[in-house]
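Encoded as structure tokens, the following chain is the form predicted alone, with no partner shown.
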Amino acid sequence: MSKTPDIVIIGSGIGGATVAAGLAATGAEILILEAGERIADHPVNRDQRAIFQRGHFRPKETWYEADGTGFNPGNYYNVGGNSKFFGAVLSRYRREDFEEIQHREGVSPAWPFPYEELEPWYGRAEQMYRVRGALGEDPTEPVHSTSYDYPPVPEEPSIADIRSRLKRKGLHPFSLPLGVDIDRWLAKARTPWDAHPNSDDGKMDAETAALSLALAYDNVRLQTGSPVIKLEAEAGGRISGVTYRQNGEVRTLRPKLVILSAGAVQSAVLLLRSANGNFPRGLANASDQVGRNFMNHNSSAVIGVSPKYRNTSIYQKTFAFNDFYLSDGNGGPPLGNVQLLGRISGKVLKGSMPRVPEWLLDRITGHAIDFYAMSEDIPNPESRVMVDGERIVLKWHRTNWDAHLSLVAKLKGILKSIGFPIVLSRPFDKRTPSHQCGTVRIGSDPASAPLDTFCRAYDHPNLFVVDASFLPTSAAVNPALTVASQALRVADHIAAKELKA
């Protein structure tokens, strides 16, 4: 590859890796700059005490709240980004998620295009990430023009029992669409995959599913240990330089196109830190919306415990239900999605309850079922990512929390009604990146959105932002597949309109 690539992609998470896979066949010389390194295949990858009690993989960095209070974020910097640790749930947004939705605390705005516009790329992304699932089980399911190539991950007997109990209550549990080769995963170690790092063990993350396809082409190269520190922009708006640091040296590349895929927080931070005399508020920020509208799902762990129930499962995470997704079940505003968590053990739980003996937690979790309740966070311009010198400041105004508490209360009542007399819940806070998004959103009006509908910056003709920051709404499902689908749509647009120009 020449020293001046045609395209520089910043970040190798779901957005960056997938857009690279979509562009690889064009023949353009593509360089992917990744701040971190690959996750090596070590025993610690499946050591739950190391992961959950000692925080072995957590980043050694501090972000700050608006009042100056520091906290350790749960964002990861490695090849594949946060997807290396994700639960591999690859759901489509519901059709209604692309439309305006009235919630208890406000309005979730409509996307600048309908579900049908993105639907073909959803199918392609499901093929790329080898999604396993079943159609026709979820009443809220949007139209699919293609079916899944693989059947659902098999349900373990103690989990099938819970699914049957919920169905008898009139609920509609459905098989989660998952990017997991379960046989390969269990061959390495008999653990769940949710929140466990993947080193080519069978989880279809950004590295194993998309990046591997891109790197099969000679014109695509990955460079690790290369954090980007600044983008240069000319007076007319063109991005003229990408400055990064590697091995203590600062270097600058001058590609034709730049695709920023560093994640909803870091992409906004880089744009803000790249401010210059011509763009004093930061790049792509004529609308003053970069860093604003930060969203992070309202999420809680809900655990039902019964001495009469014995949970013999290993991985557990196989079904969800959306009975309260489009309404509260009584014609009121939506509440959200409920899905199984990866199997919680005493080793996992002790990370949150350090004073309780692990043997006692093992006994409790052996009689427990673990759910994840997730509700939409509505975009708010005062919910912001900001920079203060070298500091990252996160001012998150959580919205729609009352609806989330109602979802948790409904789930608790359901679990008690199917035989779990003790039900505990615990919300996730800002230290857990529960699908961060929205900070550089797409829109049809440059006065209110930094990006057009193909993720191109209105202010910079050769800059695209392709990661969860482009999402105009968070919906209430895992966003990874939607990010990947839009990345493929953007790649096709670039191939047809930019590289042939």
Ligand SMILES: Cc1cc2nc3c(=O)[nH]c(=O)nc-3n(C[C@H](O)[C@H](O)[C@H](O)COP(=O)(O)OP(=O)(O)OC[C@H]3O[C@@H](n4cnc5c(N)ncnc54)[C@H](O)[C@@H]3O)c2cc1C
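Please read all numbers here as calculations on a predicted model, not as lab measurements. When you see a residue number, it is the position in the sequence shown, counting from 1.
We do not show the form predicted together with this ligand, though everything after this point is about it.
For the residues I442, I51, A35, A28, the 4.5 Å heavy atom test against this ligand in the predicted complex is passed only by A35. Of the residues F279, Y77, F319, W396, just one reaches this ligand in the predicted complex with a heavy atom at 4.5 Å or closer; this is Y77. The candidate spot formed by G263, S434 and P479 lies fully in contact with this ligand in the predicted complex, as each residue has a heavy atom within 4.5 Å of it. Note that among 141 to 149, 80 to 88, 402 to 410, 279 to 287, the stretch whose heavy atoms approach this ligand to within 4.5 Å in the predicted complex is 80 to 88. Remark: A468 counts among the residues lining this ligand in the predicted complex, judged by a heavy atom distance of 4.5 Å or less. Contact annotation: I14 falls within 4.5 Å of this ligand in the predicted complex, judged by heavy atom distances. Interface membership of S345, defined by any non-hydrogen atom within 4.5 Å of this ligand in the predicted complex, is ruled out. At a distance threshold of 4.5 angstroms between non-hydrogen atoms, A160 is out of contact with this ligand in the predicted complex. Contacts to this ligand in the predicted complex (heavy atom within 4.5 Å) from stretch 181 to 217: D194, A195.
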